[in-house]
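Before any questions on binding or motion, here is one chain by itself as structure tokens, the form predicted alone.
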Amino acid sequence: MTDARVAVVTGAAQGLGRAVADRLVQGGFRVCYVDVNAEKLDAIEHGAHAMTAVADVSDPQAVAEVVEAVLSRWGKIEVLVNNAGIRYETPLEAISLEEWNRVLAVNLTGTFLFSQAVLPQMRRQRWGRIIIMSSYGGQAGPLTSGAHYCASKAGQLALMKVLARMSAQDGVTVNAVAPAAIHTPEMDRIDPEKLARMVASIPVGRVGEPEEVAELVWFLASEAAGYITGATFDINGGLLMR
């Protein structure tokens, strides 16, 4: 068993997930980068501090295999960052049941499955951090995303509170991060005019960078965050103030 902390980050092949996983590696963590995109995972350097796993987070068997592989290699899992997600801008009237189910399966069910899979190990070792990447959309409704995305992100916040309350006595904290308007590849899909209006509405006058979110996740994964659980951390440039 390694003395370094061990983390699993889902949706880690690019964007926010990649920034978070890289930050944890830089901080001395052993990190399993999980993503459904095998090609992008192949571009990640495999060293003593990193491993990759191709998995659809909505597939229970795939989730179990990732957890087993990490435990087999490093003997423990202490941090889980539930970042994997998909987003569509489909208007409510045009959302098919298939698309609705797929968004909730990845964003919400995937968070449930991975959290459920790592909790027993975290409880046995009496130390763990589960961090759920939610969204401004799950709090205040869409900036650009569809109803299914917003519903899945709101569901993550409710699930976070359940997990936090049930695991706090076992030394496991569970928190959520709710970004908005972060400069990731997903932003390239947004209509330029819509994006310009969105940026104009942000009080700090710019979009956020993945590395800024990664620093917040780094703190929540650290020893210093042991008295924080069941909380949602906004990182949105002032779009939502509360």
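Everything numeric here is computed off the predicted structure, so don't read it as measured data. Heads up: residue numbers just count along the shown sequence, starting at 1.
Quick note: we don't show the form predicted together with a small molecule, though the next part is all about it.
Engineer: Any chance P203 has a heavy atom within 4.5 Å of the small molecule in the predicted complex?
Structural biologist: No, P203 is distant from the partner.
Engineer: Given that the small molecule is not shown alongside this chain, does N37 nevertheless sit within 4.5 Å of it in the predicted complex, heavy atom to heavy atom?
Structural biologist: Yes, N37 sits close enough to the small molecule in the predicted complex that at least one of its heavy atoms falls within 4.5 Å.
Engineer: So in the predicted complex, is the small molecule close enough to K76 to count as touching (4.5 Å, heavy atoms)?
Structural biologist: Taking the distances in the predicted complex, the answer for K76 is no, it never comes within 4.5 Å of the small molecule.
Engineer: Using a 4.5 Å heavy atom cut-off, state whether L16 contacts the small molecule in the predicted complex.
Structural biologist: Yes - in the predicted complex, heavy atoms of L16 and the small molecule come within 4.5 Å of each other.
Engineer: Given a 4.5 Å cut-off on heavy atoms, tell me which of 25-33, 182-190, 64-72, 43-51 is the interface stretch with the small molecule in the predicted complex.
Structural biologist: Selected stretch: 182-190.
Engineer: Can you confirm whether N175, A221 and A225, the three residues that make up this candidate site, all sit within 4.5 Å of the small molecule in the predicted complex, judged by heavy atoms?
Structural biologist: Result no, not one residue of the spot touches the small molecule.
Engineer: Of these, V118, A84, L108, L163, which has a heavy atom no more than 4.5 Å from the small molecule in the predicted complex?
Structural biologist: Of V118, A84, L108, L163, the residue with a heavy atom within 4.5 Å of the small molecule in the predicted complex is A84.
Engineer: Under a 4.5 angstroms heavy atom criterion, identify the one residue in L113, M133, C150, V103 near the small molecule in the predicted complex.
Structural biologist: If I apply the 4.5 Å criterion carefully, the residue I get is M133.
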